[in-house]
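First, one chain by itself in structure tokens, the form predicted on its own.
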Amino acid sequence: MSKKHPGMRRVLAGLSVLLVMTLVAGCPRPAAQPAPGAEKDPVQAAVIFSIVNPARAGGWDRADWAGILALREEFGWTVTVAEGVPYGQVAATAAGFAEAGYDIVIFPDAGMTDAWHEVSPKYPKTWFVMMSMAERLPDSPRVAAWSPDLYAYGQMLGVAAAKSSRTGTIGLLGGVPVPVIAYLFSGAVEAARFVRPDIRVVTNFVGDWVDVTAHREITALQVREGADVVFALTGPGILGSYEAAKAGGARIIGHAWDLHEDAPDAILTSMILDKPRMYRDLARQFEGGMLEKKTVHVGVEYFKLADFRGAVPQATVDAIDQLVTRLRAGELPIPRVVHSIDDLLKR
């Protein structure tokens, strides 16, 4: 039976907000509507992260960073990034951007849902967009969400992990137990059991996204319990998971972005979520005047497995590919059972 790591850490709450400018003063406001033929001012967007250095953090943040680069390089948007913002300060930070006249404020993390609902009704002329799982929209006219089906994402993950395991035990490791992770881990558990009924799933949470030592300790615990494949949904603390996996002869499945270059000897594959496509969707709709209050349901067409790069036999890769193809086509009758975080931890 797996257990939570003692002493849930709140490192994020202690991180300082890394803004290189004052949110209200000194921020350019969008210009008035230009005359026909005149050059338009760039769209002013802001993205808020709870961690620092998202370009080199966990896979989720790195996927968002690639989306930011697409906005800047492909669409010419001016994108300001706020890093290391504790969840309790996200609403105030978003309000600062709205006060400064930004066109769009983007929340990349479902842990910011409360802030999204709190701040958006106060600034009805600003677009507030969630780029994570959203169960409902705030009561405001200019809100939208690109909401990944994390249960389906978890199903694809579970298929790959169960079929790749030699020991018959896989690990699910989370950073902070935000509620949406229950959907992802539940999909993984149900899919793993569907393709391999005898599979054992060990689930743990570290309590934060960044503590390398704690990630190393808990990953090592999962390896000692027999897990030879571990999915790590976390942030910069994943460095500790890499170390423990290499030391114990296990492999890590990366989250959201292809993390192979970080630890070639530890990464089995990565479950990619095409967040840059989500950001491009947003940009095209905004620039085309088609952005509206809605939830875009992001499904399996946005998910894929990275190359295994020889980490498992080709026959195993072929078997996984066949199952994933059937999953995409809706041909795998995997039950949709959403377990609570507490229930997941008891498995």
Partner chain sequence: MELDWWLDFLLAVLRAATPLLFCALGVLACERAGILNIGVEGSMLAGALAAVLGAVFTGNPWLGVAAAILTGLLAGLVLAGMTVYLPADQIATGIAFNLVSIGVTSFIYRLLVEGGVRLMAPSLNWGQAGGWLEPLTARLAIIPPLTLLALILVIGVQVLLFSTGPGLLWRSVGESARAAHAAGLSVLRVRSLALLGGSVLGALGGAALTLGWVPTFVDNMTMGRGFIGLAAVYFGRWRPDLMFFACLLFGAGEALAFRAQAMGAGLNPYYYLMLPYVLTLAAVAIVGMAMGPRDAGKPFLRG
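Positions refer to the first chain, counted from 1. It should be emphasised that the depicted structure is a prediction, and the values quoted were computed from it without experimental measurement.
One more form of this protein should be noted, the form predicted in complex with the partner chain, which is absent from this view; the next part is about it.
Within 4.5 Å of any heavy atom of the partner chain in the predicted bound form lies no heavy atom of residue 228. At a distance threshold of 4.5 angstroms between non-hydrogen atoms, residue 166 is out of contact with the partner chain in the predicted bound form. In the predicted bound form, the partner chain sits within 4.5 Å of a heavy atom belonging to residue 216. The closest heavy atom approach of residue 53 to the partner chain in the predicted bound form falls within 4.5 Å. Residues within 4.5 angstroms of the partner chain in the predicted bound form, judged by any non-hydrogen atom, belong to 206-214 and to none of the other stretches in 269-277, 153-161, 206-214, 187-195. Although the partner chain is not shown here, in the predicted bound form the stretch 256-274 places heavy atoms of just one residue, 262, within 4.5 Å of it.
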